[in-house]
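Consider the single chain below, provided in structure tokens and representing the form predicted alone.
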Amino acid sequence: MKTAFLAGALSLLLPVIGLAGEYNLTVDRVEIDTGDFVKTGIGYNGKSPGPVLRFKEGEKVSINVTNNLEEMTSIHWHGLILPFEQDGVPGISFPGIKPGQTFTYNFPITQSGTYWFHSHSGFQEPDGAYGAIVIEPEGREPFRYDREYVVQLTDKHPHSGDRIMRNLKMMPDYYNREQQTVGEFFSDVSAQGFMNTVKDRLAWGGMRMMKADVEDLQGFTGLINGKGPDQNWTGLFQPGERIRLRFINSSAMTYFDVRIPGLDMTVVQADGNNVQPVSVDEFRIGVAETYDVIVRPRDEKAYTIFAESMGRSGYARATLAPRDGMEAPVPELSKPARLTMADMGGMHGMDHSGMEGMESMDHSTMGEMDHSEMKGMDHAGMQDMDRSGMKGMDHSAMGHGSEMSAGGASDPFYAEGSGLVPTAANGGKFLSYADLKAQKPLYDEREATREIELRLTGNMERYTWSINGVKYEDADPIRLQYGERVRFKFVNETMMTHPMHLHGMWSMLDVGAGQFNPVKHTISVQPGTTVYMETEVDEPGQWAFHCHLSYHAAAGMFRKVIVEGGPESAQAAEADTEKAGGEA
């Protein structure tokens, strides 16, 4: 009896009811209660979000995934470096997991930090199939903390993912609740004059766009660790403790601006990799990114973790407090952002024939830009545009290294004059990509062997998204050679922000810091900008490369990457998986 009791007690200490290094996950229909609404969704081990999986660097893990759904499923281990056949992307790395079946993932843990996992099948991820991963390093961290919490953000909508996609294809502004008002029109008239305001409205109307098209999806409830603002997830602390907050943005579509009024935050990791510490008042976390920050509350009072959407259409809220039940004031939402003509900068050179009657306008009054080159253009043809007018145009001037003029703020990763340039609510420091420097170089410094340009293209009116004007189903794979270093050039020719995620390999974001450029798995590319990243091609096989906005990826902003060469075993596995993917 005593032996049985000890065995039972030990089992409670092992991860997710398994042996050390072995984990069990079930994929289930679950009920999701946001505090605003209750819906049926998908989760892991009976809940959404799923459990926090805790690994140790250097261990080998086995994860048994049992599909209790009536449809195929999969799990992608976002940001983890592993053999490609364990990456969990149906049709690329494996066929998927059939209903009623169990698939066992086996891979070594070669890194540490904060990551997450989610389904890569249909819209199961926005429907609730996601969870967090925390990996303990082999050695000591280069920073101190006394306790830690995962802070996992998401945007939960009453509609299912399939329904949202149907509505967006039918009417792209279906979920836009931030339409410009008559009051805003008269406010603009007061600020810039009647004729200039009318010209501005006509220009946007001619493009069939709206300044309020900052977010595709509104009407959601922001969740932190599965709890809505009224449910108020709370993390406890003792005054004076250093608290590590592991922020993960698991949203389908929403960028969040995060602040904790009354507390400074020190950013120590980005996408699981250590960075040189930078103190900030606020940061913007793109979809699929992670940031680890250290805070040190010294007073015995509550503090609000406030994450408002980039378009200010919703927010998530949680609390840090010495005792349960304590709360702090919840800030008001900031003023909604509005796109400017600078955010449409990547659309120059298109046929704007739909703007007849505007040729005589002086467009230079719009955002201090001379738009005379827009004469005779038709913005409706974003995807099938004539690019001859773009010869000699250097988009890199719109990327890092430029100075901004919006509200006196500057951020070199936003187009000059962009309406999306973030500013801290208290007038303090807002994190920029330019602030991120690697703690230690991951790779030896060397020149890239070649450059690949990826134009981020699309048509908001038709709700189609693509790369280089070609949707995924019509595109050839991107072929890389094992052992090379590739420099990717992202040119964002749309008015939306795109978080680009390359599976299986690290990406070094070019912030001008040489070998200390930050190492990331997701790179956010703002409208009208050009951003560069370099990738050490050191993982053979087949990988996904896509925008991590769920409905953009589904609409075509997605590519398969094939890494040719490398270990013979991987080559053979690649051939087997390609055959299996074709049969799936």
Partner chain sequence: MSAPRIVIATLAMSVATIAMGAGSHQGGHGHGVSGGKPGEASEATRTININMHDNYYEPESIDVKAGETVRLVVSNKGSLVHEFNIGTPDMHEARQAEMTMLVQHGVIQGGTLNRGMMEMGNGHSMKQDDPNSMLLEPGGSREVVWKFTGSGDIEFACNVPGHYQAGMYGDVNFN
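Because the structure is a prediction, the values reported are computed rather than measured. Numbering follows the first chain given and starts at 1.
The discussion below concerns the form predicted together with its partner chain, not included here.
This chain is displayed without its partner chain, yet in the model of the complex the stretch 265-273 from 314-322, 156-164, 490-498, 265-273 comes within 4.5 Å of it by heavy atoms.
Distance criterion of 4.5 Å from any heavy atom to its partner chain in the model of the complex singles out 141 from the list 141, 148, 461, 136. Between its partner chain and the residues 260, 252, 72, 294, the one pair within 4.5 Å by heavy atoms in the model of the complex involves 294.
Heavy atoms of residue 277 reach within 4.5 Å of its partner chain in the model of the complex, making it an interface residue.
Remark: residue 334 does not count among the residues lining its partner chain in the model of the complex, judged by a heavy atom distance of 4.5 Å or less. Shown alone here, residue 102 lies farther than 4.5 Å from its partner chain in the model of the complex, counting heavy atoms only. Proximity of residue 439 to its partner chain in the model of the complex falls within the 4.5 Å heavy atom cutoff.
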